[in-house]
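Below, in structure tokens: the form predicted on its own, a single chain.
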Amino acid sequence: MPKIKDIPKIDRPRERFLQKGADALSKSDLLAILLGSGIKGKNVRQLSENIIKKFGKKFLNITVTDLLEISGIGPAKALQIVSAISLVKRFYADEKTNEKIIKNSQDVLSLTYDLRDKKKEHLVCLYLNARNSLLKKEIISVGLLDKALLHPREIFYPATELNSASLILIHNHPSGDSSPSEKDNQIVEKIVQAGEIMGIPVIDFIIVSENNHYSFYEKLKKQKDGFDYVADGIQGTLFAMFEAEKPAYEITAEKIKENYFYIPQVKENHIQLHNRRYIGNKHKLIEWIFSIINKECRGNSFADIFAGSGVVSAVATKHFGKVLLNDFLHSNYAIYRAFFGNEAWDKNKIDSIIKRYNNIYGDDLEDNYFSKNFGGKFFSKNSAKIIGFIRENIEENKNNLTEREYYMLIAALLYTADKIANTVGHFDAYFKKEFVNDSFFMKPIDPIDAQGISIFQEDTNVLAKKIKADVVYIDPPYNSRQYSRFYHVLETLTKWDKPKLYGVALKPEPENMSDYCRNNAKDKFAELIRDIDAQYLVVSYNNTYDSKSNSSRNKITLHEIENILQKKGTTKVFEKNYRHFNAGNTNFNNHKEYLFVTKTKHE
């Protein structure tokens, strides 16, 4: 076996590096310089070639344990390699402070100015992270755009590989006219719908020409150039704003001018209540809902009896002296206790604990219940080990925490897990891909500053017989999707009862199954309305009962809702064009959100 000294000097890695620079060397040559020497029977070049060949694209994620499996590699050489990789990663992470943040359309145009002079049509995509920082700019297609040929996978496959939080599309018109064509409108509609289903929203679609540009976002928001896209929290997306003029659907409803304005408390580097992927989340409809409530309802107490993400209750605290919120999911209850609770807590204590958690490395941990079941599937192996370790640690130290502190740590962990989960936003399935996001980083929550809060975890129909409020907001799950099944991973993480899991999606035995997702939904709704003691009932509803997807099809029709409410009192109906989450295949496009407001025959 030839030794490195037997190789001509000009061909040795060190000498060639000094004479011609790093670009003249292969990956194995660079690794050979780092190793310095070979092992018995292999010179350093052969050893480095074997290592590069064995790990390939996974080289940057190798561990000391991985390297020790190679014959002849001991702890010293393994540490040399892993330390060098870690050092480079650390510097690379520091460099990301100079990242390119996309705040508005002008930032987009500065990155794609070359498109103005192109003689052929191009479609370019900017992939962004949760801070609207540019991850990658990629040309999707060259030539005439055709909605029949341009498949969403060409856009969203790179987005899943990059773990992109959102994206912006740019298209040029060589004709010089930046006005959108009919095909442009069709393509935008197709892509933004795919983005909502994938959980990767489309922020903007911009058309550029030689001397002008057209932004769908600007047009829909009716704002001037220079407005900001918002990231890491409230993100205006085309899916939420793209509304078409279509005839009313089956029921007479009013439209209302939205004049309600609410600025949530936002503390930098903290988790906000709305920073969560949740089906049926009303965050994008808040202004519309409370414009109607403020106009139609009076009173000092508000009950949100299917509270879900809790965002409606958060806004209600700004308008009502007393607010009640209820949901039977364990994870939602924990989040409410964290954000809305009135118990004592120590901010410095929470910050210190979370800081320690963020210094944990998955490589240093043994496998646990969470990583054995969900690692490499819903989460990366390392992130799953960290999540499981932290949850166990919270439970072990429960006696050293106040109830509020306990729930604040659990809530922070739930939001962190949701953010890095390898899913479209729920846990009915996970992406099957080689690389899963391994960027666990926990932030403290920013609690809601409010008094007069009551929190429940009960069956809503049972609770309705016990409570009384001036305004009751009702937003039940009208279709067949059982929320306890969609969010089973977060439920398991909250309860930490380590149940036996079944099936590909690793679900526990059924629990908290709602009758509102079954065929008797109409009867349960009628019972609920009959038993509620309130002056005003405000009912949210979307019109997907004609969907071809069984999971999306509503169990109650619009007319059934209206008829049940009219028996309780005088009912008004308001509508808004709004695209909903759709997990199935459907050609039903006339999506609307309805809000029923009933002034009850209150004695």
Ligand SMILES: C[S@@+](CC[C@H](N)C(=O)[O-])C[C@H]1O[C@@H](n2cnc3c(N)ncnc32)[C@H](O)[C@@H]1O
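If you're wondering where the values come from, they're calculated on a predicted model, not measured in any experiment. Just count from 1 along the sequence shown to find any residue number.
Beyond the structure shown, there is the form predicted in complex with this ligand, which is absent from this document and is the topic of what follows.
Visitor: Quick check on Q193: any heavy atom within 4.5 Å of this ligand in the predicted bound form?
Guide: No, no contact at 4.5 Å.
Visitor: Does any heavy atom of T423 come within 4.5 Å of a heavy atom of this ligand in the predicted bound form?
Guide: No, T423 sits far enough from this ligand in the predicted bound form that none of its heavy atoms falls within 4.5 Å.
Visitor: Quick one: does W496 come within 4.5 Å of this ligand in the predicted bound form, counting heavy atoms only?
Guide: Outside the cut-off, so no.
Visitor: With the cut-off set at 4.5 Å between non-hydrogen atoms, does Y483 touch this ligand in the predicted bound form?
Guide: Output for Y483 is yes: heavy atoms within 4.5 Å of this ligand.
Visitor: Consider the chain as shown here, without its partner, and state which of D470, D184, D475, E296 has a heavy atom within 4.5 Å of this ligand in the predicted bound form.
Guide: Only one option qualifies, and that one is D475.
Visitor: Looking at K282, K522, K322, K443 here, can you tell me which has any non-hydrogen atom within 4.5 angstroms of this ligand in the predicted bound form?
Guide: None of the other options qualify; the answer is K282.
Visitor: Looking at 198 to 206, 155 to 163, 327 to 335, 185 to 193, which lies within 4.5 angstroms of this ligand in the predicted bound form, counting heavy atoms?
Guide: Single hit among the candidates: 327 to 335.
Visitor: May I ask you to list the residues of 440 to 464 that have any heavy atom within 4.5 angstroms of this ligand in the predicted bound form, in sequence order?
Guide: Stretch hits, in order: E458, D459, T460.
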